[in-house]
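Shown next as structure tokens: one chain only, the form predicted alone.
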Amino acid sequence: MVASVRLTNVSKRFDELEAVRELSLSVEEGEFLTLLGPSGCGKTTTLRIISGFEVPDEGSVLIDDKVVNHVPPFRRNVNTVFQNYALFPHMTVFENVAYGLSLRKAPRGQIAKKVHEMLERVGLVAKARNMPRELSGGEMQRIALVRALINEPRVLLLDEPLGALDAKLRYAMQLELKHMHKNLGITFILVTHDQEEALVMSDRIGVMKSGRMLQLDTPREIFERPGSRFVAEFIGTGNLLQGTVSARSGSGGKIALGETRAWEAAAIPDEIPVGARVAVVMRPQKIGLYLDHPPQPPAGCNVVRASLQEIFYAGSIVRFFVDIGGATLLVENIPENLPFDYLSIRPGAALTLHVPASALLIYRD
């Protein structure tokens, strides 16, 4: 695949702060890549380096195999959509969308046709003569998107564009962005701190911390096989326990966790020896929960006795906090999938957990 954007050993400092450190990244043509991480991890600085708003102190930035380190933003074939929309308040919707084509002195007929097509794509033809102040947040975001896309940039950069929207509108705009990306075939690079947004929208996700790329992979790989403890804890919800490797067998082995018996783990990194302290991460969605007469566990499953601490109903899921003897685990389940009536049990109830050995993610502590 051809790389639309490539960073090679890029670093950027602000006084004593090293915002980006020796970052290398290749974004394929037509890919939807998301840079994800906590505040201050360097993801927005990386986006600004690609856009040309920041110049790297070291390394190279290439767009379509051309070095653009010192090429100003307006000469790069990229456009950026910001969280605050940045619409021109004195211009109508039509004028805002047409702005890029007007700068290029495109013929009026071509501008009118293209603006109509873009507004039709996002269902806002009827708003063409409105001013930005007359639009809702979702409408302003859609106008900002088509204004950035009308010039058909090679790369569209999205700097937390959905951060100011309410939950329902945010989901709708995620779907809108996915459709736009699929239909236009333009390379999208999104910056967000929202893990679910990254998982839902991306072809690949790059998880960053302290200016470095910790893992770059598909959403499924990032969630199912996080490459580090930080990624495992940052992506989704997870139970974190401390333990010790008590035995090794092939690629897996046994982990001693608190007061419970040793747990089977399907995969323990080769470099972790017997006796080593480890951090164990378990996804709450992968833990089976039973009240009476639990079924025969499948092969490679840990059977753990527990007692109920608290239950929280959260609409589409129910969250159980359970005690396994000196440690608390979070278990999440869809109400309809539970093998018992969760409304009938109270704190202190005896429970049985089924935890697949493959659900234990092991990292050096």
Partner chain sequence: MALRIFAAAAFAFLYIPIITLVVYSFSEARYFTFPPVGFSFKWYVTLFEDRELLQSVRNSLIVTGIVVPATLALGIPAAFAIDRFDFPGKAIFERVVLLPLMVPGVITGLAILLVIKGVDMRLSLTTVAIGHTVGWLPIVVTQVYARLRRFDRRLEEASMDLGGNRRQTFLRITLPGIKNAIIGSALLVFTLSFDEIGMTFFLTGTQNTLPMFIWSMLREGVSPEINAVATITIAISIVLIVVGLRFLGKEKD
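Being a predicted model, the structure only gives us computed values, none of them experimental. Residue numbers count along the first chain shown, from 1.
Quick note: we don't show the form predicted together with the partner chain, though the next part is all about it.
J.: So in the model of the complex, is the partner chain close enough to M91 to count as touching (4.5 Å, heavy atoms)?
T.: Yes.
J.: Given that the partner is absent here, does L103 sit within 4.5 Å of the partner chain in the model of the complex, heavy atoms only?
T.: L103: contacts the partner chain in the model of the complex.
J.: Please run the contact check for N84 against the partner chain in the model of the complex: heavy atoms, 4.5 angstroms, yes or no?
T.: Looking in the model of the complex, residue contacts with the partner chain include N84, since a heavy atom lies within 4.5 Å.
J.: Mark P219 yes when one of its heavy atoms lies within 4.5 Å of a heavy atom of the partner chain in the model of the complex, and no otherwise.
T.: P219 lies outside the contact set for the partner chain.
J.: With the partner chain left out of view, choose which of N130, N151, T244, Q285 has a non-hydrogen atom within 4.5 angstroms of it in the model of the complex.
T.: Residue within 4.5 Å of the partner: N151.
J.: Just one of Y171, Y99, Y290, F223 has a heavy atom within 4.5 angstroms of the partner chain in the model of the complex, so which one?
T.: None of the others qualify; the residue that does is Y99.
J.: When the partner chain is placed as it is in the model of the complex, which of 202-210, 142-150, 232-240, 276-284 ends up with heavy atoms within 4.5 Å of it?
T.: Stretch 142-150 is the one.
J.: Determine the residues of 18-55 with a heavy atom within 4.5 Å of the partner chain in the model of the complex and present them in sequence order; the list may be empty.
T.: Read in sequence order, the residues that approach the partner chain (within 4.5 Å, in the model of the complex) are R48, S51, F53.
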